[in-house]
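What follows is a single chain, given as structure tokens, in the form predicted alone.
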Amino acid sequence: MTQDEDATPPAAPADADGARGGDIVARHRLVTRLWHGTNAFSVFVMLMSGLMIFNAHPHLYWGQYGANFDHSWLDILPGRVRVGPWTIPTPGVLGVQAGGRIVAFPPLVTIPSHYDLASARQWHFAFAWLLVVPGLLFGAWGFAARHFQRDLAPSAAELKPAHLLHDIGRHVRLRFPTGAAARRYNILQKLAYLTVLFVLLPGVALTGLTMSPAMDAAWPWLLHLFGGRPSARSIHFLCAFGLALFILVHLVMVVLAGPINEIRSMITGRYRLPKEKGE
């Protein structure tokens, strides 16, 4: 995609198999679709049960110690959030009254919807298996089938600042790839998916293990890697926040790009290439 896509050609260049804008092509393989569905479901449950667990102690710390009298870097307090020296008002959004107590995150976004730390932990740990085991299998398949190397690894040309700025500009103006170019991931998609696959998901899994005293006894290197259990909890929260932000942007882009075509491709694997102007 190094050509100037702002200039409208008379007809889109065909793909290697002759596909052009308007054609229905194979886009996502079965393994990718199965993992996407399983992962989407498990991540939502993990995020929502994690917010309920966070409600039990809405403070985050760095280092080896983190309790009520230690210095925290983030607090969610009634009607406000403190991040370092900054305080952000959040009336009615965070630090709200629910069930006769102040909770950091409201019942609408937690599992369970009422304050229940024990049940939230059961949901969280049960779905952790559904997140980690299929994730490891998908990772092994991705390398063995060269899906990561062929479809997600960016080329040197794609990483040049001019190319990155060009793609960012097109996304800001809602000008998405059409024709055969829509069959491949653009550089922004590649960077986002690689960050999710190799930073955020491993990050939540490893920091989650670090918060387990049993795992710390078995694998003490986890505590050294993340600088202590309170630091691991902070990184766990930041990785989860990154996943939530990715999901939000991902859903917005699906809606803007054409939700029926995008969702159909993730269910059936079949995708209709958007037509170029003039086709």
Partner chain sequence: MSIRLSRRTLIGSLGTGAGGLLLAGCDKINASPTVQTLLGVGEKATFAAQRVVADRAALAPEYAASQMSPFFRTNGVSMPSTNAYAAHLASNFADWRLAVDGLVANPLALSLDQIRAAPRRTQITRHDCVEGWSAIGQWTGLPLGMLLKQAGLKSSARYIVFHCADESRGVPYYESIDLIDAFHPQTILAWAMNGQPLAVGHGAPLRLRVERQLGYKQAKYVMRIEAVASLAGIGGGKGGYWEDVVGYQWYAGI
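Positions refer to the first chain, counted from 1. Being a predicted model, the structure only gives us computed values, none of them experimental.
One more form of this protein exists, namely the form predicted in complex with its partner chain; it is left out here, but the text below deals with it.
Peer 1: Among A118, L136, A144, A162, which has any heavy atom within 4.5 Å of its partner chain in the model of the complex?
Peer 2: It is A118 that has a heavy atom within 4.5 Å of the partner.
Peer 1: Name the single residue among A218, L30, V252, L245 that comes within 4.5 Å of its partner chain in the model of the complex, judging by heavy atoms.
Peer 2: Comparing distances to its partner chain in the model of the complex, the residue within 4.5 Å is A218.
Peer 1: Answer for P112 alone: is it within 4.5 Å of its partner chain in the model of the complex, judged on heavy atom distances?
Peer 2: Looking in the model of the complex, residue contacts with its partner chain include P112, since a heavy atom lies within 4.5 Å.
Peer 1: Using the partner position in the model of the complex, report whether A157 sits within 4.5 Å of its partner chain, counting heavy atoms only.
Peer 2: No, no contact at 4.5 Å.
Peer 1: Even though its partner chain is not shown here, does G79 get within 4.5 Å of it in the model of the complex, heavy atoms only?
Peer 2: Contact with its partner chain, no.
Peer 1: So in the model of the complex, does H236 come within 4.5 Å of its partner chain, heavy atom to heavy atom?
Peer 2: Although its partner chain is absent here, H236 would stay clear of it in the model of the complex, with no heavy atoms inside 4.5 Å.
Peer 1: 176-184, 92-100, 125-133, 149-157: which one contacts its partner chain in the model of the complex at 4.5 Å, heavy atom to heavy atom?
Peer 2: The contacting stretch is 125-133.
Peer 1: Using the arrangement in the model of the complex, list in sequence order the residues of 22-39 with any heavy atom within 4.5 angstroms of its partner chain.
Peer 2: Sequence-ordered list is empty.
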